[in-house]
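Quick heads-up: it's one chain on its own, the form predicted on its own, in structure tokens.
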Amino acid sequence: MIKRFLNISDLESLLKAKSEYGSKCKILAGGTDLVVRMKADMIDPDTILSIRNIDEMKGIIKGKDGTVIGALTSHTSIEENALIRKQHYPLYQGVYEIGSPQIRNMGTLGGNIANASPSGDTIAPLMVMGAKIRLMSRSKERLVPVDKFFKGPGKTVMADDEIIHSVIVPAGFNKKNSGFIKAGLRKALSIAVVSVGWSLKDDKLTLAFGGAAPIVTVAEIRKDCSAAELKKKVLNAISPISDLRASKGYREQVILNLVNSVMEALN
């Protein structure tokens, strides 16, 4: 049962509250995941920290090490940003695929990452671009490469007193050398059964697979590799499960089909 609901309006107050309540609290940003889990009795937090009004954690800024995206930046703001579309095309495609316009308006980049779903539509794009996640607490700040951030479904390396402050994404990923595609069970508002983010640099193709293992996994291959080598590398990189949405074999075949689509587009 929720004992307290706190409206937090600045970063300093958030870090203080996170230090005080730690694992007993949950952060409410857009609420597109948290509210659903609470209604389904999947979680029962002691304290809710509502942070949607912390403006200093919103926005997209071009920095010397890449583009800095605040954790509270909505998916719609990312989708509509010209810099994202020109320099971070996989992320543009990823947020475009998220739910309905209403969900994109409410949902945030930080929330999608913190949810740590293997099917999260922003995670594979961030993987292939080599993004870093800035974590903050009252005592320290650290940058964690996105491929080191996830430990399993719903599990990350974040300490109980840490929050996702922002994400730093290297530039140079346009629609010619990178992208993101997914396959769902239905066209409208589908949760991805599997997805593939990809980027090409110096004939090295980096592929990130969503929904194909407990965490998003990555494989690197040569652009000119044989079909047999491609299939072997992909299947070695993934370990899909069977569940109510799709079987292991179905997921493997769909992943291979998506990768083949990427290869055809590059040739």
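Because the structure is predicted, anything quoted here is derived from the model rather than measured. Each residue number is its position in the shown sequence, starting from 1.
Below, we refer to the form predicted together with a small molecule, which is not included among the displayed structures.
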Taking heavy atoms only, is A40 within 4.5 angstroms of the small molecule in the model of the complex?
no
Contact label in the model of the complex: T108 to the small molecule, heavy atom within 4.5 Å:
yes
May I ask you to check whether D161 falls inside a 4.5 Å heavy atom distance of the small molecule in the model of the complex?
no
Against the small molecule in the model of the complex, would E56 count as a contact residue? Criterion: heavy atoms within 4.5 Å.
no
Out of K233, K201, K26, K223, which one falls within 4.5 Å of the small molecule in the model of the complex, going by heavy atoms?
K26
In this chain shown alone, the residue from A212, I51, I69, L207 with a heavy atom within 4.5 Å of the small molecule in the model of the complex is I51
Which of 193-201, 81-89, 112-120, 139-147 sits within 4.5 Å of the small molecule in the model of the complex, heavy atom basis
112-120
